[in-house]
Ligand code: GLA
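Heads up, the chain below is alone and in the form predicted on its own; it's given as structure tokens.
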């Protein structure tokens, strides 16, 4: 029906220019299908289609990106992110594929932090630390969905109401993320988080990317550019030591493009501790594009644009082929990479890091863009 309507519209424009114009009907830009229910809440899959006909799919379970179908340099479209075909696989599978993670993304040392003279204790789910908000963090919740109207592009908002002390974090917190899919193949993620008492916040999206196509080989031949002059070294449990180390002369210098696999096996202390790259890069935040991934074989490009101070570059070091995702694709070792825009890991325990304090007086507002193109 959509294709037929576009054909009729095109004929009218050609035969009677100046009278008719073609704009996709909003109802065709976002379609909805049921995935089931989780803890009494309906879960939906939303398909967002832009004017190019390119598609992303998202779900309110974990506020997740499920699928990103974008063309290569020859116009061939394929999905370039990790996800699952059904709700049950999301519940039982990898906790983080494409999910929004919080209340505190990344790690907090030994599951403890102090705020306003009170020590808070969190669940340990990444021994001996807390990871990504704990085992029942925001990634494992059904968010409240809303398809937005009167927007220039297809857009969906997800909202999660976190009760006070859930997973050990103080405050009744309301988290919102708006996904917008533009005609320039940009996924815009606008975050807003509010609280009724002082707490900490670190929120990100944990999408995995393979620009060959999801489940199609590894990402070691992807070129990476990260505009970061320093990074935060970690200890053996992947907690930052507090040092801000220059990337100069190290395998962590991606200020000019390098293949992911070019130096990943170097004899360098941080690569050994992370089993590859699994580190927070301190972004320069000077130019528009903060990071870029390029696949020479397909021509696909992913650019990351953010207002956050850091990005976690992760090379799928813990993928092991036990997860079978969307379309029967197997997610093998280093078959996906992540660029998680964020504040720094363990910031509540690191006074030298940028503040992650969230207060009732000042909401957390942030925006990150994934922009896809070819060259």
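This structure is a prediction, so every number in the text was calculated from the model and none was measured. Positions refer to the first chain, counted from 1.
There is another form of the same protein, the form predicted together with the ligand; it is not shown, and what comes next is about it.
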Original post:
Of the residues 271, 238, 283, 187, which one places a heavy atom within 4.5 Å of the ligand in the model of the complex?
Top reply: 238
Original post:
Between the options 60, 335, 312, 306, which residue brings a heavy atom to within 4.5 Å of the ligand in the model of the complex?
Top reply: 312
Subject >> Exercise: residue 262 in contact with the ligand in the model of the complex, heavy atom 4.5 Å >> reply: no
Subject >> Non-hydrogen atom contact residue 176 with the ligand in the model of the complex at 4.5 angstroms >> reply: no
**OP:** Answer yes if any heavy atom of residue 206 is within 4.5 Å of a heavy atom of the ligand in the model of the complex; otherwise answer no.
**Re:** yes
Original post:
Is residue 278 close enough to the ligand in the model of the complex to count, meaning some heavy atom within 4.5 Å?
Top reply: yes
Original post:
With the partner removed from view, which of 125-133, 220-228, 246-254, 194-202 is the stretch that lies within 4.5 Å of the ligand in the model of the complex, judged by heavy atom distances?
Top reply: 125-133
Subject >> 104, 120 and 162 all contacting the ligand in the model of the complex, non-hydrogen atom within 4.5 Å >> reply: no
Original post:
For the stretch 333-353, which residues lie within 4.5 Å of the ligand in the model of the complex by non-hydrogen atom distance?
Top reply: 340
